[in-house]
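Listed next as structure tokens is one chain, alone, in the form predicted on its own.
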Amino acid sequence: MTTPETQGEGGEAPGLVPPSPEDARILRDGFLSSGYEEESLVREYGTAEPPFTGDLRFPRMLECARAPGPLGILARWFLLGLPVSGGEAGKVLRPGVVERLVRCGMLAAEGEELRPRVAVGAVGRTLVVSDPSPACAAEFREDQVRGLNPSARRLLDLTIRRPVASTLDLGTGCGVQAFLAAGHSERVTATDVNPRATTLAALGARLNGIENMECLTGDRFEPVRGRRFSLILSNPPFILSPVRRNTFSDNGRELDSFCRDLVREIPAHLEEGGFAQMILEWVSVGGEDWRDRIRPWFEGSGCDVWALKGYTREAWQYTVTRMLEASQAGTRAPGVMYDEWMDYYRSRNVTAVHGGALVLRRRSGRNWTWFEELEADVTGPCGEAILRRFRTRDLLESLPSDEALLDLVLRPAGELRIEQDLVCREGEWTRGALRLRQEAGLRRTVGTEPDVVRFLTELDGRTSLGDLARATAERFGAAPEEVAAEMARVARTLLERGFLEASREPPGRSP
């Protein structure tokens, strides 16, 4: 594993060094044996991440952390950012843990007390090292390295976790994307323009026993110029700020041009068949459609593109949201920030800000682009669902007409639920609309009808759509061509929205 230099001026983290493999093993065992992992932390403290300024959970978390035992000691240090007596800690933590935390720079001595120099969060049993949150830090640093935030969690859920030869985590920050990608990649490269980030990511990698990961410091693709990867992940500094104040969130570029240029650079670094997944924000100028803004970014890319819009906010709404985050970080007077941001947007005729994700796949031949709006936030791993959607889109793009759908074998995709409300008005109960809902992943919901429900229940993954249409027409005495056309129309809609998956042959038959 390649690690960056940790000494010097600027954004480095002097005194923080990855522990030796043996020291890392002892530290890791010390954390995990104490229950310092996501499930236990959430159960005891309500979160597995350090709190922010003004977090009303802090007093309760502090009360819980005063309980005797090793988890309370570690939580006071690395969740709440509080000093603990070295003598007290040494009595309850495993032998060798305290001195090794000091040796690698995670703790610093202040008289008889030991004060944390980093925060440690958890994703499952993976430990994530970052700077202390502003609620715990003495000052807010411009080069602060954030721990797990909502956009990072979203990318973790969206990531396609098939085995690959090489993964690039572009703008790694605390390194969490790279840590989890190391489990399904032969090698992982984590890059960041902030040397403090690559230092902490290298420390976290060693702490988690990850040896197939390298950390490189540099801007965008510069550290990996000329290299290609099977998977590229990026949660870049996408916030649309008038100025650059924080390395982890602001890029200092005009509007969404940073993300635009990043998207245009990605294809040159993807292997054939490789995927890139990115969280981003972009604007609408003069009321333009959200699709029209980003459509030119993909032209001539040599990639199939699935663009997912998760939210849209008017310029003032977006500004208020970012103001709230800034106040949580203890920075900027709200009135000054609001005027600064709104002047910036008005002068550029920005009417809305959109947020979402892009999935690109490098592929020779005629490429497709698909735009979709998410109805709910993603929940849980979606990688397999995304791969199914790409296979389905490939299949639909290859068909000459909807009539060709009749040759396909269809089955429900993932776990689906059919819901219907009973509504009482003036003492009379009536049936409400039917809804078809995905239970996990992208969680799409569509209104449906009894005939569609019946259609879904007959899709057994063995019978072609054409055979099903003919049997249905015969059963109801309907015109076969009309039944086939309607079934093909419904099938295309449900395939496009991810409720069905298709194959050209039923299971067990040779292609």
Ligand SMILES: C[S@@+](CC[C@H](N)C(=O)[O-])C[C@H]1O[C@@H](n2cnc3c(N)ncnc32)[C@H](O)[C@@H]1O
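When you see a residue number, it is the position in the sequence shown, counting from 1. Here the structure is a predicted model, which is why all the values come from computation and not from measurement.
Only in words, not in the display: the form predicted in complex with the named molecule, which the text now covers.
None of the heavy atoms of G90 is located within 4.5 Å of the named molecule in the predicted bound form.
Within this chain, T247 lines the site of the named molecule in the predicted bound form, having a heavy atom no more than 4.5 Å away. A residue is said to contact a partner when one of its heavy atoms sits within 4.5 Å of a partner heavy atom; F258 meets this definition for the named molecule in the predicted bound form.
By the criterion of a heavy atom within 4.5 Å, G218 is counted among the residues contacting the named molecule in the predicted bound form.
Only one of 299-307, 73-81, 419-427, 193-201 lies within 4.5 Å of the named molecule in the predicted bound form by heavy atoms, and it is 193-201.
A single residue from the set G105, P237, P267, G441 has any heavy atom within 4.5 angstroms of the named molecule in the predicted bound form; that residue is P237. In terms of contact with the named molecule in the predicted bound form, the residue from L360, L170, M213, A181 that brings a heavy atom within 4.5 Å is L170.
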